[in-house]
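Next up: a single chain in structure tokens, the form predicted alone.
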């Protein structure tokens, strides 16, 4: 009776050995040049050699375009190639910053830029705050014991897998005058609403669609942070009679703070760079109600009949500087909070 299991184990071991043997032989062959390279360059040199191809690609497709963008911001004219453009110094920046009152875009020389900046600031504040709160609530619910928990996690993450253009087209189909939402309201005696044409509704749906599309990604980050918190802490708190709200504020949120910082930073960067969903959903309209900075840069530098690459480059530099400042402030606030808690 005991011989058969041993025979099965032996067969499985031989099959595993036959499958692993080619992989081991391949690894041994790879080790020969790697050992030679390590003897010649040292451990640090091998690491540098491995990173060199990635750094080359990064330099060609990221660093060089950034440097070129800075150069374009100091030039003017309609020529495409840099050697054919006219050096104008800081004229493009002066054009963007020339305002009677920064609170009133109508007094600015480049009023579309400031309308886009105001819309972007409003979008960032509302969308990031709402996204973080909803993601946290969703993660807290999905972290509890419940039926079909894996299914619900997949449902919330599914929109992240969709292309932003697909997301915008789906919601445009739902929100158009003869769309699904109005078709549900008409039987209730409600007149069809022009969701994407009225200014207040256009901004609301732009924020809503952005939250819906990216909620699953940030929920997944927070869910991973929640699962890293030891269960013993909650069991001890429950034995002491601690309420759920106190456990949330004294245990969950402090230990989840590093994950929250990551979520806030990523959401902030994505919100400042919002373009795809809103451009397909509303096209920046009605008027300039949902015109954001990236769309302004795109239209100024590429989409208009008379392209102004210098002005678009200057606008992108200003946007990048603001984003860097916001990111640094967030990191400094997180570091200060961490030092205060460690005291």
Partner chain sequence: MTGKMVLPAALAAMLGGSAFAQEPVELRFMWYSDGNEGEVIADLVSRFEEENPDIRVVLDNVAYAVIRDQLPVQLEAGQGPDLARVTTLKDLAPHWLDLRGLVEEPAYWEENFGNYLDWMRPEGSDIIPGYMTQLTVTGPFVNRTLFEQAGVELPGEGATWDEWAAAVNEVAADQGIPMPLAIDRSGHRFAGPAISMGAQFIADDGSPAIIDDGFKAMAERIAGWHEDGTMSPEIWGSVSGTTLRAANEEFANAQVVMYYSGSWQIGQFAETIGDAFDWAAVPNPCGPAACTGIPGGAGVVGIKYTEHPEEVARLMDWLASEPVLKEFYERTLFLPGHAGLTASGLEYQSDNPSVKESLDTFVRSVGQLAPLANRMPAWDWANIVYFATVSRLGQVVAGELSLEDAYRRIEEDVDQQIAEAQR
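Please read all numbers here as calculations on a predicted model, not as lab measurements. Positions refer to the first chain, counted from 1.
One more form of this protein, predicted together with the partner chain, exists but is not displayed; see below.
Although the partner is absent here, residue 111 is a contact residue: one of its heavy atoms lies within 4.5 angstroms of the partner chain in the model of the complex. Interface residue remark: residue 53 is not counted as part of the site for the partner chain in the model of the complex, having no heavy atom within 4.5 Å. Within 4.5 Å of any heavy atom of the partner chain in the model of the complex lies no heavy atom of residue 254. Residue contact with the partner chain in the model of the complex: residue 270 places no heavy atom within 4.5 Å of it. Note on the interface: of 184-192, 156-164, 86-94, 235-243, the segment with non-hydrogen atoms within 4.5 angstroms of the partner chain in the model of the complex is 86-94. Of the listed positions (228, 103, 133, 80), a single one reaches within 4.5 angstroms of the partner chain by any non-hydrogen atom in the model of the complex, namely 80. This chain appears without its partner; in the model of the complex, the one residue of 33, 287, 44, 65 with a heavy atom within 4.5 Å of the partner chain is 287. Residues of 299-337 that come within 4.5 Å of the partner chain in the model of the complex, judged by any heavy atom, are 299, 302, 303, 304, 305, 306, 307, 308, 311 in sequence order.
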